[in-house]
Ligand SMILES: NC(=O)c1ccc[n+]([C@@H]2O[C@H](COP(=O)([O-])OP(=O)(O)OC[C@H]3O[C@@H](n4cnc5c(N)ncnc54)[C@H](O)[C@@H]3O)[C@@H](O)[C@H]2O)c1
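Just the one chain here, the form predicted on its own, laid out as structure tokens.
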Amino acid sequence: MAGDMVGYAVVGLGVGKNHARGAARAKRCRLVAVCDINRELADQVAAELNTEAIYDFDQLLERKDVDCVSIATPSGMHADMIIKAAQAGKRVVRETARY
């Protein structure tokens, strides 16, 4: 982390759009990228929030400016993505659904 700023990224832009919007407004947080396999959606959210669109989770994890990843993909994908992100040295926030 550079100083007090957290480089933040969001993967999964269904519910994750709200995570990205929150990160874009948060103090001491810099939204550096949004990620989704749906390129049109990723491009739309990135344009709205003035950030970069990425379409591949592994490429997102390679970025040195990403300190924390918000995982808002379908819940069945969470475990593998959390492990990969942790192995890449990233902090992780995950979306939890309540029914």
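Being a predicted model, the structure only gives us computed values, none of them experimental. Numbers follow the displayed sequence, beginning with 1.
The protein also exists as the form predicted together with this ligand; that form is not presented, and the subsequent description refers to it.
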**Prompt:** Does Gln59 reach this ligand in the predicted complex, with heavy atoms at most 4.5 Å apart?
**Reply:** no
**Request:** May I ask you to check whether Ala20 falls inside a 4.5 Å heavy atom distance of this ligand in the predicted complex?
**Result:** no
**Request:** Give a yes or no for Ala79: in the predicted complex, does one of its heavy atoms lie within 4.5 Å of a heavy atom belonging to this ligand?
**Result:** no
**Prompt:** Do Asn38 and this ligand come within 4.5 Å of each other in the predicted complex, heavy atoms counted?
**Reply:** yes
